[in-house]
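Just the one chain here, laid out as structure tokens, in the form predicted alone.
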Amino acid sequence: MKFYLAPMEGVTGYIYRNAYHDFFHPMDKYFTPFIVPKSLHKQNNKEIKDILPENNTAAPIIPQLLTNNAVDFINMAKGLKAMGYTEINLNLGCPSGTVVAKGKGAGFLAEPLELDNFLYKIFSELGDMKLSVKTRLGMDSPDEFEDLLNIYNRYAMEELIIHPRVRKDMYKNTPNMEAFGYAMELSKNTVIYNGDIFSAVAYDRLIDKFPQVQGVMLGRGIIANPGLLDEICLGAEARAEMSCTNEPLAKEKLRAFHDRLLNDYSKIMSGDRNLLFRMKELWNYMGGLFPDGGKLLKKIKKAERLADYMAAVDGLFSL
């Protein structure tokens, strides 16, 4: 089984990826938050830093591109190849309103003819560079997926990563496992699952239902519990022998991970405000690891000075 770190804008940049890789069960691939292609010398400096080989100790890194312009995609792909990358990913899943309004991400799924033409052009130019696609089922209805899968089957993708929701679901409702099963049966490309794996038990349920799936992409679940993959890799039988279904992450390990992130972010961010904004974003996910930490988590959220933040964090890890 292969495990991939999902791209999450503002969360899974190179500092997070590197720290995660050093502390927890390594991923088979780490996907970058999406890059909107321009020529490399005009690219956003933050995006460039995130993909520089010297900034990435976790590997392999798969840059994700967000565009509906084939020329821009091809030019960026060539630039990434010159940097040493051999695989890239196309984002057809982002449900953000600003992205969808521009016909990108999940918005591109509403234009199947244009999407087919786009894929034809980029696959004609990629040469030996591998391309994977991360997709949703459609914009408004899972009925759209039949036509989309027919399009995807025309191209030799490295992998088809499916988040089995439509765009209007955002991250609500439950993944459509019937539609995912349809893809498993009829896709000519290797299918990877993505969506709502928040526990080892949820992973076990997925594998029980689809034992033939070859990989799983973890996003919000791994940010909420960075030790999730360690728990998954224990296996259901091992977890049963330990008389638990979800071995808790050791506080000492999580604290060391937290401190590494804080230290590394402090090196690239100026002022408490920017640093605390980034750390608070992580606590929006990780707070669930501390079911008795309500008051201290509120103090973390309200902290405006690093000293106040650290006092609340110290208290939380002392529970």
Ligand SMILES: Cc1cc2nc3c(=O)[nH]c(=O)nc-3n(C[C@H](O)[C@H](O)[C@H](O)COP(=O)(O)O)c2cc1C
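One-based numbering along the sequence shown. Everything numeric in this text was worked out from a predicted model, so none of it was measured.
One more form of this protein should be noted, the form predicted in complex with this ligand, which is absent from this view; the next part is about it.
- With this ligand omitted here, the record of contacts in the predicted complex names 192 to 200 of 139 to 147, 192 to 200, 69 to 77, 114 to 122, defined by a heavy atom within 4.5 Å.
- Contact between residue 218 and this ligand in the predicted complex is found at the 4.5 Å heavy atom cutoff.
- Using a 4.5 angstroms limit between non-hydrogen atoms, residue 33 touches this ligand in the predicted complex.
- Among heavy atoms of residue 265, none comes within 4.5 Å of this ligand in the predicted complex.
- For the chain shown alone, residue 91 is a contact residue for this ligand in the predicted complex, at least one non-hydrogen atom being within 4.5 angstroms.
- Within 4.5 angstroms of this ligand in the predicted complex, the stretch 157 to 181 places a non-hydrogen atom from each of 163, 171, taken in sequence order.
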